[in-house]
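Okay, so we've got the same protein chain twice, two forms, each given alone as structure tokens, structure 1 and structure 2.
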Structure 1
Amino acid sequence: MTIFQKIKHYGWIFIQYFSLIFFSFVALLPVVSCLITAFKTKEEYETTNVMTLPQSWLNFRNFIQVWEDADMGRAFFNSAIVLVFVVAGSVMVGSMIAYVLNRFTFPGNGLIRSLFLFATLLPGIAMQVATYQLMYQIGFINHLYGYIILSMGTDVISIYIFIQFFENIPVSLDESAFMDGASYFTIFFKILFPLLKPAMVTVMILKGVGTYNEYYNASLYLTGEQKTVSMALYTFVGPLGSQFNLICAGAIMSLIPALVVFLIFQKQIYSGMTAGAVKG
């Protein structure tokens, strides 16, 4: 290598690492600063700079206070219930419709696909004016089940992930089972459903994170007792004002479940995102 080439080579490597380190720093800074503040006492928060490390990393008082004040225990419990039902429902509904759309040709197949596809273009929040009326009329407001059923509604991405997965399962499998006298129900539930596991994990994670972080619908259709984590967090807007040591504790608490899921399922999340986007 000539000197010029060497400079070019190492220069590129330097740029590579510099940009990665810089943008990782940018990505982490807001969260880390929040974490630092969450461990500070009130006096410390008022007297020290925000980037000064807290005196003790074991000062969990802010977390405890937020947990009690905002009734976070209840919020986590509600979010967990919503999450379980929405995720289970989406997996069932999504895999069933994907099975039908992928395995059978029937009049209306294309129409159904287009209906689902077109629905992605309609921004959900914009239609809440009308959805709210509907939910009000059928008495789905202020009940967890109403919110759960609404959230299960139209999850196009999970349908696409399942369709894509079905494409890779040979049809001969269905056929031979059918020849052996299995009904379509048996084929779906006993043979295909267990094979869908990887796609299910992807859908569960994507839908799960989305549902856990959803605020807008929750705030419209749930109140008081039924509040989710997002809603509990939002209650900090008024009373806590600028007591950021407490607000940060709440924010950090709310992102812990997402962080745990992320650390465990990193690979599935990445591949799931790509699959969902490419197909959607």
Structure 2
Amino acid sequence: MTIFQKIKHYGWIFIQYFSLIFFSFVALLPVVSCLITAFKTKEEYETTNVMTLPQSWLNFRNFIQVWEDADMGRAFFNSAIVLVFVVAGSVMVGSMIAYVLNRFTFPGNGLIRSLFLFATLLPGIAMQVATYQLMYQIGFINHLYGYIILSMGTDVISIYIFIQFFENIPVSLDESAFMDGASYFTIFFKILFPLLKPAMVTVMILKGVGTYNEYYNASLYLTGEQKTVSMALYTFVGPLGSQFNLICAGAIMSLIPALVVFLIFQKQIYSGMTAGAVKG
């Protein structure tokens, strides 16, 4: 190996490790600063730098105040209900629509796909007036079930993810089962649906994270006791100033359920993502 080759080889290794360390630092810096701020008193936050360590790491008064003042218990309960129903509904609705569009040929199939694609190009904010009027007229304002139905009905990405996976499943499976007397529902639920686990994992991750972090629609269609975790964090934002030490404490509390779910199901998440990566 020549000197030039050695320089090129070790230079590439340096760039790889430097990029890994740099982007890891960029990703972790907001979390670390939020964690430090969460343990500071109001006086400490106002008089010290954001990266200055708190005087005591055993100061849990911010977390207790957030839990009580923002009613985080109810917010977590509401978010859990919304998350379970929205994720389950998105998986079922998205997979069924993808099954029909991929496995059946009928007039308007291409038009429906084009309309779904067109819907993804429209900014959601531009349709909020009509959507809000519709939600108000059918009595879905300030009800969890209305917000759940709205969240399930605005996801087009999951449909295309399932369509992509259906295209990799041979039609011969459907034909063999149909010749044996299986109905379309049996073919879908007992043969095809179990094969969609990688797609389901992908949809659950994307939809779950988006639903848990969603604030705009939640603040628009939910009020009062029906608030979610993202809405509860805005309890400490006001016209006279924001209490960022309490906001950071609430943000850390909101990270704990997601972290616990990831640690419990990380094997299934990794296996589903790697299984989906080799499709094609």
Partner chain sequence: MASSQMAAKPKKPFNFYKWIRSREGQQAFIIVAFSIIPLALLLIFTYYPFAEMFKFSFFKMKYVGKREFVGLKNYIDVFTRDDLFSSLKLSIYYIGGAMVQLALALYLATVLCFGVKGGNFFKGCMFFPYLINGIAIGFIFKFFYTRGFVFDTVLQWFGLELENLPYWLKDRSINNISLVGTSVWKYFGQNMVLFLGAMMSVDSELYEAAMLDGANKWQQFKYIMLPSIKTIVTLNLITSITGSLSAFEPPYVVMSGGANGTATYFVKMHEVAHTSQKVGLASAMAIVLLMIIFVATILQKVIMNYVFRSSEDEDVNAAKRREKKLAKARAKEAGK
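Residues are numbered by position in structure 1's sequence, first residue being 1. Note that the rigid core is defined as the largest set of C-alphas that superpose within 1.5 Å between two forms. Here the structure is a predicted model, which means the values were calculated and not measured.
The form predicted alone corresponds to structure 2; structure 1 is the other form. Superposition of the core reveals a Cα shift of less than 2 Å for E214 between structure 1 and structure 2. With the core held fixed between structure 1 and structure 2, N59 has its Cα displaced by at least 2 Å. Once the rigid core is overlaid between structure 1 and structure 2, L255 counts among the residues whose Cα shifts by 2 Å or more. The rigid core superposition between structure 1 and structure 2 gives a CA shift for E44 of 4.2 Å.
On a core-based overlay, F23 has a Cα shift of 3.5 Å between structure 1 and structure 2.
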